[in-house]
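Take a look at this one chain, the form predicted alone, written out in structure tokens.
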């Protein structure tokens, strides 16, 4: 699996950094020639000059350190080689290849980040900048080199039956199913990658698939639908829920027939289906596009962004305006447009305004809401639950920095504790805000924290750390492993047991504090002051929690005595900063059961459809409460939406 190999590379690189006493800040550059690394920058009329030779640079990317080797002549960047990188295949890795070629082609560091891989792009530019400095070049001069799009001002006209904007799981499925109905489809994707969030996810939910039924897991459909509606306080489209629950099992067979094979697992009674190996997914989806879309006269256009929708005098869809990376404007004439642009979770201002959430965007950086804006601009209704988000995981910011100094198991100590119910949780002010048993359920953990603020603290005492060092997680009352996603622990699975002792725990937590990802105090009062909590508020919460431990009765939140673990009588105490991961926005457009987008009067806009996250608001009230539904619905809504759009054109 790709995740295993990637994590392994991160681990190896971390060890190399420790052994070599290297910094993760990418400011240690070593030339591989005898050219001086301290030569002053020289800029002549002819442009930037370098000390000819090969130099290295490195910077912290999204998934680890990116190291480059750059060869210079006296007046040119000749080539860039990637020494090492651990970015996600199909997303960050492709961005690196694209950007390094552009740097050489344009002789510039003023390039825009590759859409969908901004952190990776910025890291590569920084690493090359370090090599430029080492070669005596002028980084500022290279950043100032103007980049003009080669085809700026050029307009092309294309024609199709259907345009699909966005080539994630839902967009690819919609394009393929529409093409299978005999329609010419143009599939547009703003990044260089197809697959979107499905390239990062591990499983989707397909109810009563043939594999699930064969394995003996039969979901009672009517009970599932009824419970779903109640859990969302009836503020959902019951027909949309029914359609997904009833039809998603067919999607499993459809994907398998298309060569995108998923593997059924009975996940504590839930019918989840693991997606193919990470490194194979994009290729499999491209094969589906080739076999259906391209075989029927359509095409896939990557690095092409949807800009606006075109309508006639009656408001019916007649096409879309898109723009290619080289500046070419495409006027695509079509009778239908299917929006599959993945929502707006990467638009931090929009998420804060509509939902009040300021946590981590764990989804794709390219999902900033332009698809919604395009639809709203022609009269699509803004739904009442527009702010809903897919809050689904707890994160510890300490993890990434600790991996520079420790193996992945040790670096994940703080993260694992955020998933255990036996530790005191407080908000930014120092007030306790929940029964910590909420950490046992992903959605409950995420939503209780997000409602409380942008982050929370997990409080760990000396006696608890001593117990972890002696007996592992069994020492702190854990009866089951932390409910983290498999990719979080894939590279230390052998150590991920309840009874593995936590060696060097104090050193790890002290390093967490030194890195600025947590706080320490010898007393509760000192911890509160160091963490920026209100001392009185935290003292009151701490004392009340201690009383609950001593009496076995939690009068504030009703926490079970089984989870009231002693904190001992002495410090030090640590506060782990924990944040919530937002995997995507939920909804943004109101659709009917044929995935037609509705206007303010709840009447379909003729020719406009939406699938995937754009349309998921019909399933949920204000927040996502599923497990595997996001990906399962994306494939299913795309498959059905593409078919419906094609049928409506007949």
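Because the structure is predicted, anything quoted here is derived from the model rather than measured. Positions refer to the first chain, counted from 1.
Keep in mind that the form predicted together with a small molecule is missing from the display, and what follows is about it.
Only one of 284, 325, 567, 200 lies close to the small molecule in the predicted bound form, with a heavy atom inside 4.5 Å, and it is 200. Scanning 85, 393, 367, 212 against the small molecule in the predicted bound form with a 4.5 Å heavy atom cut-off leaves one residue, 367. The three residues 169, 630 and 634 all sit with a heavy atom within 4.5 Å of the small molecule in the predicted bound form. Although the partner is absent here, residue 427 sits far enough away that none of its heavy atoms falls within 4.5 Å of the small molecule in the predicted bound form. Contact check for residue 620: every heavy atom lies farther than 4.5 Å from the small molecule in the predicted bound form. Proximity of residue 412 to the small molecule in the predicted bound form: non-hydrogen atoms within 4.5 Å are absent; the residue sits far from the partner. For the chain shown alone, residue 304 is a contact residue for the small molecule in the predicted bound form, at least one non-hydrogen atom being within 4.5 angstroms. Stretch 187-195 is the answer when you ask which of 187-195, 514-522, 96-104, 568-576 has residues with heavy atoms within 4.5 Å of the small molecule in the predicted bound form.
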